[in-house]
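Just the one chain here, the form predicted on its own, laid out as structure tokens.
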Amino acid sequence: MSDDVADVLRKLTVVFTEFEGRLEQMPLLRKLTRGRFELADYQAFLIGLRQQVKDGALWMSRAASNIDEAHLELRSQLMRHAVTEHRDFRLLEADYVATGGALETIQSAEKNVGSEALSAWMFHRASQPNPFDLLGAMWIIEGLGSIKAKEWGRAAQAALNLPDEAVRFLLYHGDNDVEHIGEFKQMLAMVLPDAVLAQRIVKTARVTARLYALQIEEITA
């Protein structure tokens, strides 16, 4: 790993640690960690995440379409990543149905304020030429999956006595996003060193973390 990549990773780790601390203070997640989670909380959580999960493959595809010919390998990796995740929201919907929820309920739910802001931000950045700064956004979202998803899934399952079929989305991402972090480091190496871009990657991570936190904060049962 080059010094430039290592330096950006250190700064991104600081951003993620701050993000994680902010999440831990949110009422919905405090209920989860303190064993006071209810079924309505979990269902609201799945509804709140659905649009961000659905949008993920879409903004990655858009970002890939705006990457120039000088960075074809990075474009290819983003496209592969988008293909891998483009059906994940269906798994989340199936989890919701496994809890007793109606499919049409989760499919017709409106995005909350945080989801609206996060979606607009991600598509805005993805529409720019060579939107390499979105690697910072990926660090936040994939990091959340690799570090917290499995923990949240097991906690919700234990608190609510849920079957495995109701927590597959969280457990799947807890296992698979670790591998994605390795791919992320490879993508960073494709665009660094670049001092200006390095700062932008970290800033985009910081903005994404704040908007993602707002999305979670706005989830209410």
Partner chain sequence: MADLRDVFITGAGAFLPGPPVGNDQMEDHLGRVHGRDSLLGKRALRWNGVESRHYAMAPDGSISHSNAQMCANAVRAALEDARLDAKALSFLAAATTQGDYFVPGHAAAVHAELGARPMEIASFQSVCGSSLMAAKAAWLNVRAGEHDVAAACAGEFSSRWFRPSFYEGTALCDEKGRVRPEADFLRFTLSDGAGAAVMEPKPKPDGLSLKIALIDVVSLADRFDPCMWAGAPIATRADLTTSWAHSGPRAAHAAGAIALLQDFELLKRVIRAWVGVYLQKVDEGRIVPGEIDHCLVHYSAKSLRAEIVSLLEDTSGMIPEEKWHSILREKGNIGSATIWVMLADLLASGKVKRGDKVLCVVPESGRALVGFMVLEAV
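Bear in mind that the values here come from a model prediction, so they are computed numbers and not experimental data. Residue numbers count along the first chain shown, from 1.
There is another form of the same protein, the form predicted in complex with its partner chain; it is not shown, and what comes next is about it.
Trainee: So, Q157, A159 and E165: all three within 4.5 Å of its partner chain in the predicted bound form by heavy atoms, or not?
Mentor: Answer is no for this spot.
Trainee: Does its partner chain get within 4.5 angstroms of any non-hydrogen atom of R10 in the predicted bound form?
Mentor: It does: once its partner chain is placed as it appears in the predicted bound form, R10 has a heavy atom within 4.5 Å of it.
Trainee: Test of understanding: in the predicted bound form, would A102 fall inside 4.5 Å of its partner chain by heavy atoms?
Mentor: A102: no, not in contact with its partner chain in the predicted bound form.
Trainee: Wondering, does Q25 line up within 4.5 Å of its partner chain in the predicted bound form on heavy atoms?
Mentor: It does: once its partner chain is placed as it appears in the predicted bound form, Q25 has a heavy atom within 4.5 Å of it.
Trainee: Wondering, does V83 line up within 4.5 Å of its partner chain in the predicted bound form on heavy atoms?
Mentor: Answer no; every heavy atom of V83 is more than 4.5 Å from its partner chain in the predicted bound form.
Trainee: Picking from 27-35, 43-51, 190-198, 59-67, which part of the chain touches its partner chain in the predicted bound form when contact means heavy atoms within 4.5 Å?
Mentor: In the other structure, the partner sits against 27-35.
Trainee: Does any residue in 127-147 get within 4.5 Å of its partner chain in the predicted bound form, counting heavy atoms only, and if so which ones?
Mentor: Counting only heavy atoms within 4.5 Å of its partner chain in the predicted bound form, the single contacting residue of 127-147 is I147.
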